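Below you'll find only one chain, the form predicted on its own, shown as structure tokens.
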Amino acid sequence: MALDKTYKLVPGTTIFDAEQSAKGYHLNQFCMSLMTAENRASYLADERAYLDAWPLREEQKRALLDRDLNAAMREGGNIYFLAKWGATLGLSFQQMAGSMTGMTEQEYRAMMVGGGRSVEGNRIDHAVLEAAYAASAPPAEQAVVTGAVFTSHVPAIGAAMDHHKTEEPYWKPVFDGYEYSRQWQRENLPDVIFLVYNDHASTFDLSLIPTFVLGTGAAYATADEGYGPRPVPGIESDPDLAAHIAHSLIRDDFDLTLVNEMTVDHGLTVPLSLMFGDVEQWPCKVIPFHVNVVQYPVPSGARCFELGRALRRAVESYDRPLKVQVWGTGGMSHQLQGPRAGLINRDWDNAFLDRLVNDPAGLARLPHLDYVEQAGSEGIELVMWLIARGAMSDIDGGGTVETKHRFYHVPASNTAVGHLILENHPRAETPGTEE
């Protein structure tokens, strides 16, 4: 079902949604640059030159040079950002608002003193609204979740690849476990990977601790984690699909942090390296989705599982025929701190893999204490796998899943490595019966 955006029909109103945000990203960032006295002075000294230093469309520059706020709004500007620009020019908020209504500052002030603009005559015409609802229909084509990949994202695995140690006796068993996976990935290449991972104090430090972060930007560079960035490409994303997912998940009451600029660390790049090998460019687009599993409180397995279910609904309501894979990364059992450092629990890990396939809803109810006690303090990363599992069609009775590959190995540096591939067969299709 298409997303409800009837707010676009309210007369005289521009809602700043994800589409507007993408359209006006650099325009609004330009406005933010005016929050320092030095930049304000530079702008006022030569407006055109200052604007030309930004990657703005000519229509955006012209709107600012002409002091045309309505045009700036059409070009993706947001009033709170544009207020920084207005303040630089010495404009009051009433001057700015008045200019958009065709009034002088005095006329606008008088209207507000008189009680403000009446809502009468400024609502959606009911005939227009009814026509919009009548015209809405399920998309003729839609995106589909084709499978899920679950894998550990051990940083030392990336280092072993980067330093050409994959054939050494210590590392070879690990990489042998992904040989089938690379072949499967080549044969089942998606258009987009929705990759669930956690940042490891690379982008998010203790000044900002978001629980769920959806990357809505166009591209993300590889993070420097203290040893320099890994020699792997950054990711190209799909901001249109990401914006659609953001709209859908937030409407489903998942409170997301939307990030247009950040770097991505080994939590994201190591899984890509394992599945694609050494490449100059990743062969598909990647939407990053960060989950806080570093500072408590962290989201529950149940919450992650429900987010996965909502994610599949979001993907399936997207009106382009994209093939989407959902990857859950992190884990398995490992503890990196304290006297229990080095903890590994083979039995618990393999039971987790069993239940992930056969009893995901029950597994989702596992309390945090079980993860920490049984799988180590960093084993809590496994809650992220439940997002990918929740995105499979069998969860809501709309299809089946097929286990294509399973792998488990100890050790890889300080951790146990777990890996699973599930193919998704929506609409109750089973392998070999598709029409």
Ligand SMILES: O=C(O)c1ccc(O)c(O)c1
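Numbering starts at 1 and runs along the sequence shown. None of the values given here were measured: they were computed from a predicted structure.
Separately, the form predicted in complex with the ligand exists; it is not shown, and the next lines address it.
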Fill in: Partner-contacting position among Gly98, Gly86, Pro155, Pro299 - heavy atom within 4.5 Å of the ligand in the predicted complex
Pro155
Discussion item. Within 4.5 Å, heavy atoms only, which of Arg117, His200, Arg109, Arg251 is in contact with the ligand in the predicted complex?
Written reply: His200
Worksheet item: Does the trio Arg230, Val270 and Ser273 actually contact the ligand in the predicted complex, every residue with a heavy atom within 4.5 Å?
Response: no
Discussion item. I'd like to know if Ala18 sits close to the ligand in the predicted complex, meaning any non-hydrogen atom pair within 4.5 angstroms.
Written reply: no
Discussion item. In the predicted complex, does Ser413 come within 4.5 Å of the ligand, counting heavy atoms only?
Written reply: yes
Worksheet item: Can any non-hydrogen atom of Arg312 be found within 4.5 angstroms of the ligand in the predicted complex?
Response: no
Worksheet item: Going by a heavy atom distance of 4.5 Å, is Leu336 a contact of the ligand in the predicted complex?
Response: yes
Response to the item:
Here the chain appears without its partner; judged in the predicted complex, the stretch of 288 to 296, 239 to 247, 301 to 309, 328 to 336 with heavy atoms within 4.5 Å of the ligand is 328 to 336
Worksheet entry | Heavy atom contacts to the ligand in the predicted complex at 4.5 Å, residues of 377 to 409 in sequence order | Glu381
